[in-house]
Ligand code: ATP
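Take a look at this single chain, the form predicted on its own, given in structure tokens.
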């Protein structure tokens, strides 16, 4: 039976602005998303029976229908029943490197890899846009995870406008293994505390979202100016997460004192905090210093870098 191995990169947010409330109940967002080299490995294999099986080496990752990768396979089976009938079911094996519940789109990028893998496995010949459209029904981050690189994301995060990709900036990630921040809680709390500042009419929501395209951080990205990008990092959700989670705030504060750090911020709804640096040597030094400053075995640290792509095929058999 045929199989594909795919590389599924994580992402960080360089910018996250909550503009207002949408009629569908979601938030209208303006974000800048960036792929990083920290990635999971996904094997997608044809099996002779009409079923979906998921395996994972991480004990916290479910292998039932609650797993987004499972739901991605289920979506493909529903959308393309003839191919499902012809080629049979799929077995998905996830080798995790991206920390779980970290705000790094680990689940979304796994789902994106499954969509790409099944498209190849079943010889569907879908375009990237068609895959992204399918991905958007699974979650707001899935379309970006398929495309990867650097992009402005608007709407609830699924409407993408590519930017020139960044690949010359190093990233140190810090996350406590046992610490999780509910994305739903973060957005709900933000709405409760700051909802009175929301833009509410559709025309103004669209205008504000469009304004991000000419914002200062976008100009810095166009110029590939790492120092300026780091100075323009912004995340509205820090306003609710940092006061409620002192460990996350501490990571941000310690990063800010480290030599060579251009800028630091929480990614998405947290709890991962990242720092931007100009070289791998500086990044490794900051990782070491952070470990010395916070000698907690629960703290995970990673050195990675920005990359120009999303899902990639590593091999096929």
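Positions refer to the first chain, counted from 1. Note that this is a predicted model, so its numbers are computed, not measured.
In what follows, reference is made to the form predicted together with the ligand, a form of this protein that is not presented.
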item	value
Interface segment, criterion being heavy atoms within 4.5 Å of the ligand in the model of the complex, picked from 91-99, 72-80, 213-221, 126-134	91-99
Heavy atom of residue 161 within 4.5 Å of the ligand in the model of the complex	no
The ligand contact at residue 264 in the model of the complex, heavy atom, 4.5 Å	no
Contact flag, residue 146 vs the ligand in the model of the complex, heavy atom cut 4.5 Å	no
Non-hydrogen atom contact residue 105 with the ligand in the model of the complex at 4.5 angstroms	yes
Within 4.5 Å of the ligand in the model of the complex, all of 62, 141 and 183 (non-hydrogen atom)	yes
Heavy atom within 4.5 Å of the ligand in the model of the complex - residue from 285, 254, 38, 68	68
Sequence-ordered list of residues in 30-59 near the ligand in the model of the complex, where near means a heavy atom within 4.5 Å	none
